[in-house]
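Next up, C-alpha cells for two forms of one chain, structure 1 and then structure 2.
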Structure 1
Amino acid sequence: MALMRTMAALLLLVIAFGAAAGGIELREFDDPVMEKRYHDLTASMRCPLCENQAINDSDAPISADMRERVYQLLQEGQSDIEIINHMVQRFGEYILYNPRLESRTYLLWGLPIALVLLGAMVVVLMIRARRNASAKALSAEERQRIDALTNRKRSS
C-alpha cells in the first residue's frame, strides 16, 4: 500500500513538472552576443494578440511562433534590421513599439514637438502681453481719479 502511494506521488510530481516545463522555451546559443540580440529583438516586438506585451513575455501561441522565427532568422545569419523588416512584412507595423519615421507617421512623431512649440509660443505671448499692460501709461482722466481717491483717503 505504501509503495502504491509513493508511486502515485512520484507520478503526480512528474506530471506537474512536465506541465510546468512545457511552457519554458530553451534556446541554444553558441555566442552570448547572439543571445543578447535575440532577447533585444523579442523585447522590441509587440505581440499582435496581447495588449501591449512584448513577444518575449507573452504566452500566446503567435508569440511563440514569432520567437521561433526570430531564432531561426538569427541562426541563418540575418541582421537585426533584416529580421525586423521580415517580421513587419509578415505581421505589420503594429508589432513595433517604436514606429518608423515614414511619411505616414510624420504626424505621430511631429505632433508632440508641434504642441511643445505651440505651448512655448503661448507662454511668450502671455508674458509680452502682461509686460505691455503694466508698462502702459495712465491717461489724464485715470490719473485724476487716482488722485481724488488717494486725497479722499488722506482726508478721512
Structure 2
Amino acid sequence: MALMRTMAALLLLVIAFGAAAGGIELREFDDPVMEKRYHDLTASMRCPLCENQAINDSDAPISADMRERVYQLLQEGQSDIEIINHMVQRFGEYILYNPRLESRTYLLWGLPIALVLLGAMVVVLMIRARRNASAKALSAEERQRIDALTNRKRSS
C-alpha cells in the first residue's frame, strides 16, 4: 500500500513536471478581459506547422512566436479583428479554425443552411401529400370492402 502511494506520488510529480516543461508560457495580464481575449484568440488559430493543434496547445517554435505576437498586439491595444488580420496576412486563411465568410467560403457556410431548407421543404411536401391522400373520399365499393375486412356493421 505504501509502495502504491509512493508510486502514485511519483507519477503525479512526473506529470506535473511534464506539464511545466510543455512550454506554454505564463503571461501577466492587468485586465481579465484581455486575458480572456488572449485565450480565445490563441485557441482559435491553428498552428501552421503541426496542422491540427491550436497555437495555445502546441510546442512548435512558430506557435510560441505567434502567441508572443498576439500578446504584443493585445498590449498595443489592437482589436481582435486586427490581430486576426495580422496573422492571416502572414500565414494565410489556413490558420483560422473558423473560416471567414467570403466568396471562396460561401459554399462551406451556405451548404448546411441550404440542406436544412431542403429538408424542411421535403417534410412540408410529405405532410401535404399525406393529408391529401387521407382526405380523399372512398368510393362505395371501397367502403364495402373495408367493412367486410374489418367485420364492421354500419348502422346507417
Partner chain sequence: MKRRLLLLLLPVCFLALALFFYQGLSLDPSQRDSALMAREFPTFEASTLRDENRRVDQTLLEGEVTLVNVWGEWCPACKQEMPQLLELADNGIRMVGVNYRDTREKGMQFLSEFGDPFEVNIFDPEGELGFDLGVYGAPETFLVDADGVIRYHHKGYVSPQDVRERILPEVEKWR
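Remember, it's a predicted structure, so these values are computed and weren't measured experimentally. The first residue in the sequence of structure 1 is number 1, and each one after it adds one. The term rigid core refers to the most C-alpha atoms you can superpose between the two forms while keeping them within 1.5 Å.
Matching each structure to its source, the form predicted on its own turns out to be structure 1. In this core superposition, Val122 moves its Cα by 7.4 Å between structure 1 and structure 2. Taking the core as the fixed frame between structure 1 and structure 2, we note the C-alpha of Asp147 moving 18.2 angstrom.
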